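As a starting point, one isolated chain is supplied in structure tokens, in the form predicted on its own.
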Amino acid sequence: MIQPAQPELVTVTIDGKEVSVPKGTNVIEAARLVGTDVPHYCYHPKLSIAGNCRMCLIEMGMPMADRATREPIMDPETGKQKIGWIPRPQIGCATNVAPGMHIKTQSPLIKECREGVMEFLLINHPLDCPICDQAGECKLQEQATGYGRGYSRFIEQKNVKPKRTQLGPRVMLDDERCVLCSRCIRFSKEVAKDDVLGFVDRGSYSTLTCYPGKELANNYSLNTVDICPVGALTSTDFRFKMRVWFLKQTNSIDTESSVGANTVVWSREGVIYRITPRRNDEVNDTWMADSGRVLYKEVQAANRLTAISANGATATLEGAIAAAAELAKGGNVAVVGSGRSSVEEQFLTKKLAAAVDGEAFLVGRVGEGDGLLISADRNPNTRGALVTGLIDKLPESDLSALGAEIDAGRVKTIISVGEDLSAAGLSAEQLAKVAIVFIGTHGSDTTAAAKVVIPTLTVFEKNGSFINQQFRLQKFAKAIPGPAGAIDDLVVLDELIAALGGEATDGDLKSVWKSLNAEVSQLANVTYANLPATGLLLDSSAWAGLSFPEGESLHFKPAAAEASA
């Protein structure tokens, strides 16, 4: 594994506490490191500084020195260097720490300033918290409890602004809730590179809108909903579906490409309601693609497999394993693994291939990367297959090599772990020539032709790990239980390996990781339990000679680009 570089530190004093923070940190982030929250709306750690909400005001001072001699001016009472306080409050978001800086975040002046800002923001804000979709995660609501007046001195009519304005196919605007923080505008321009949002009109009549003839339709539009500090922008998919305080949050990984964006799955009573990004400054910052947010819908897809079958009839797991083992013992077996399987599953797939003495194949998926969080490799775990030894070279985009083996009569049985063989290039005639054992989640032409079908779990229903394009090992957790009839992939693979006389484990994560520690040098000192939430960067030098398909994207440069930089 690779250790990250240590940043240069500077020492500052925040509310009387001396603390060392990385050089270049602004006051909001420095205060966060010592457990102090500086309220803010327009500031976002991954966007440019706008400084327009004025909620993050702080008092700031620097050690005094004689202007002529530069000698420190000492306080005779305390024996310490005097602090020269700036007479007016400063905005914390645009103030970077400097050595010796003193900061007050809780003084009477600061409290009065924040109360003034809150009263100004609430003048035209509707009193619709009981029905607002942002309730429970609204920063305006939170700060109103700390700095709100509790009653209104405003006796004039509130400005009425547009409601339920469709900014794009997935984003709705309730403009009267907008506090003009401009986070959504800056995100669209700076991160998504799709400059379509702006303000029109002036003063309290300012309104967020799309430029004429444009709409917020890029594949990152829902990040504007995530960063909206109030309920002005909402997701059309999640809007009014569920109160957030009822939802359980589970850490997961976006599986649509090898980027491995960190995510949170929000669920209740076995039903997933939404997926949002999880901050990882080494992978995806705080963003994710819209396309990754709807992957949970595969859980309840119409073609979801829930019944075990063998030779055309419903079977028990034991019966299906026995039938699969009987087919495999006939010899001439090929195993098709998946770049969508977890590291643990790929490791057992490799053991399965060894148990049947067959060749292992993997299906490559290559598309066009967007330079941000969708990479060209559409498998989330191609690197996992390399690290575990399931494959020793990059996979082809189809199974034409396996098709040739079938046509030559050298393969009689195929065990497919989650891959639709038909979609991977095998013809119906080729599928008819072999006996197929399918272990996976969804029905397809392959399951229709299979002699044995064993339903398994989606990524939302199990624990495991992936290795992304950086060779960063990241884990995901079980968010909801699987449907009745679906079996954990590790259990199925382990029982099949045992039935074939192979090197089985106990069919759980702990035992699989014990074997991984012993057999895979890159994973020698790692366990699922001690894997950090932000992942662990592995030594990738063993695969430096491979031509991976990914181009440059957020926090990733291909090896060739790094070498030429």
Partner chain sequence: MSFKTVERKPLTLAERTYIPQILGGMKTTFKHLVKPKETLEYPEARPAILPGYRGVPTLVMDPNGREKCVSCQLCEFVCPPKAIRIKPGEIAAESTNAHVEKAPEEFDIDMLRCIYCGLCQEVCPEEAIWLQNVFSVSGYSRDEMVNNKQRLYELGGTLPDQHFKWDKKKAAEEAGNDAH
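Computed from a predicted structure; not experimentally measured. Residue numbers count along the first chain shown, from 1.
The same protein also exists as the form predicted in complex with its partner chain; that form is not shown, yet it is the one meant from here on.
In the predicted complex, the residue from 164, 393, 153, 88 that sits within 4.5 Å of its partner chain by heavy atoms: Partner contact (heavy atom, 4.5 Å) among the options: 164.
Partner-contacting position among 193, 478, 268, 329 - heavy atom within 4.5 Å of its partner chain in the predicted complex: Selected option: 268.
Per-stretch contact check against its partner chain in the predicted complex, the hit in 347 to 355, 365 to 373, 436 to 444, 122 to 130 (non-hydrogen atom, 4.5 angstroms): Partner-contacting stretch among the options: 122 to 130.
Residue 176: touches its partner chain in the predicted complex, heavy atom cutoff 4.5 angstroms: Because a heavy atom of residue 176 falls inside 4.5 Å of its partner chain in the predicted complex, the answer is yes.
Residue 240 within 4.5 Å of its partner chain in the predicted complex, heavy atoms: Within the cut-off, so yes.
4.5 Å heavy atom contact, residue 303 to its partner chain in the predicted complex: Residue-level check for residue 303: no, no contact with its partner chain.
Distance check, residue 159 to its partner chain in the predicted complex, heavy atom within 4.5 Å: Yes, contact at 4.5 Å.
Heavy atom contacts to its partner chain in the predicted complex at 4.5 Å, residues of 199 to 220 in sequence order: Just 205.
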